[in-house]
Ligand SMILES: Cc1ncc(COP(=O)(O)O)c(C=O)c1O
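This document opens with one chain alone, in C-alpha cells, the form predicted on its own.
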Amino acid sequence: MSYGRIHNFGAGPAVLPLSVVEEVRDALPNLNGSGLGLLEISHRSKTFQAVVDSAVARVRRVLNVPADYSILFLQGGASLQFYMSALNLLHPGDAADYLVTGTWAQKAVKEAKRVGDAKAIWDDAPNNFKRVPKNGEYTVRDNAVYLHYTTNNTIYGTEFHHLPDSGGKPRVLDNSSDIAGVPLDVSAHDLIYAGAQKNLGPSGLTLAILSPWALARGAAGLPAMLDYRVHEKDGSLYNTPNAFGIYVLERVFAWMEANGGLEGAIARNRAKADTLYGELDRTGFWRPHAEVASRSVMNVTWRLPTEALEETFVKEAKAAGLDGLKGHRSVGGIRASMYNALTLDSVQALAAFMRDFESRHG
C-alpha cells in the first residue's frame, strides 16, 4: 500500500522506511502487547526498557561499536551537542581544533568558543564550501585536546570520504547527516553525535557514542542534563526521554539489519548517488556545487542557469510528485537529499524528470 506517498527528497525530517512507519502505526495504540500505547507508556516500564536495550544492541551491531564505548539517546539535536561536547571535553585553558566545511561546523566552533580556545584550523568559507580538506592541508595544534569535523555538509553537498588526520589527537565527529549510510570506523573516534532525523528516525532524538576517554573527561560540577556521565549512569533514562524517537530508531536499525546492515546501506546509497550525479554530469545545463572529490552521497546540490528557472524546476517537480528539492534558504539552488530510506526508484524518477525538464527548458 502506498498511502498516496510521493518521492521525498527533504533534508530532514527525512523519509523513513514505509515498513517502519507501518510498525509505528501499529504500536501507537498498543506497544508490543503491553496494552499501553507507544505515546503513553512509562519510560520506567519493563516494556520500554526492552526497547532501549534492543536499540542499544542494534546500534552496536550495525555500526560495529566497540564493547567499551557508551551509547546514549539524548535530546536537543546536534545543535546542543556543539556546546555539550566541548563542555564535557575541555577543561579550563584547553584548546580544540575544528575543520570548518559548512554552516553546521561554523556553529559548532562558535559554541565551543564559549567553553575554551576553539579554533578553525581549516575553513572553506572563502570558497563557498565547495570541498573538504585533504590531509596535509592543515595542522592540528600541539595543545589541542581534540579535532572536530562534520562528516557530511547538508547545505553545500560536500562529504569526507577519508578519515581526517588528527595529528594523534582524539576525533570528535558530527555525524548527523550520513551516519549509518557511509563507511564509519567508530573506533577511530572518541565522540560521535548525530541528530536522528536524517537516517535514524524522527526529529527530537540524538544518538551519542563515547569512548571511555570521552566519558571520563567531564569535570565535576557540570549541569546534570549536560553531563554525559549522568546519562550513561542512568542508561539514557535520567529524565523522561524521547520514547517515541527511541522506538522508531530501534525499528530503523532492525530494518537495516534485515536489509544488509551497514554494507547494504552503503551499496544502495552509492547506486543512488551514481544515478543522480550521472544525470548532472551528462550536459552543461546543470551546475553541481561541490567539487567532484568532495561530493556527498547524501545531499546533492546544484544550480540552474537562472534563479527563475530554479523556481520553475522546484514547482514543476513538486507537481510531478518530487518534493523537498528546494535548496537551503541560505544558499538557494536545488538540493536532493537521498538518505537511507529513499529508494532508487525515487532517484530514477528524479533523473527522468530532469531529462524532460532540460528538453523543455535547456
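These figures come from a predicted structure and were not determined experimentally. Counting begins at 1, following the sequence as shown.
Here the subject shifts to the form predicted in complex with the ligand, a form of this protein not shown in this document.
Between the ligand and the residues G116, G77, G264, G218, the one pair within 4.5 Å by heavy atoms in the model of the complex involves G77. Between the options T154, S236, N242, N269, the residue in contact with the ligand in the model of the complex by a heavy atom within 4.5 angstroms is T154. In plain terms, the part of the chain that comes close to the ligand in the model of the complex, with a heavy atom within 4.5 Å, is 174 to 182 out of 253 to 261, 220 to 228, 120 to 128, 174 to 182. By the criterion of a heavy atom within 4.5 Å, F82 is counted among the residues contacting the ligand in the model of the complex.
The ligand in the model of the complex comes within 4.5 Å of no heavy atom belonging to T101.
Although the partner is absent here, G201 lies well away from the ligand in the model of the complex, with no heavy atom inside 4.5 Å.
Looking at S211, you'd find every heavy atom of it more than 4.5 angstroms from the ligand in the model of the complex. Interface residues of 120 to 151, taken as those with a heavy atom within 4.5 Å of the ligand in the model of the complex (partner not displayed), are limited to T150.
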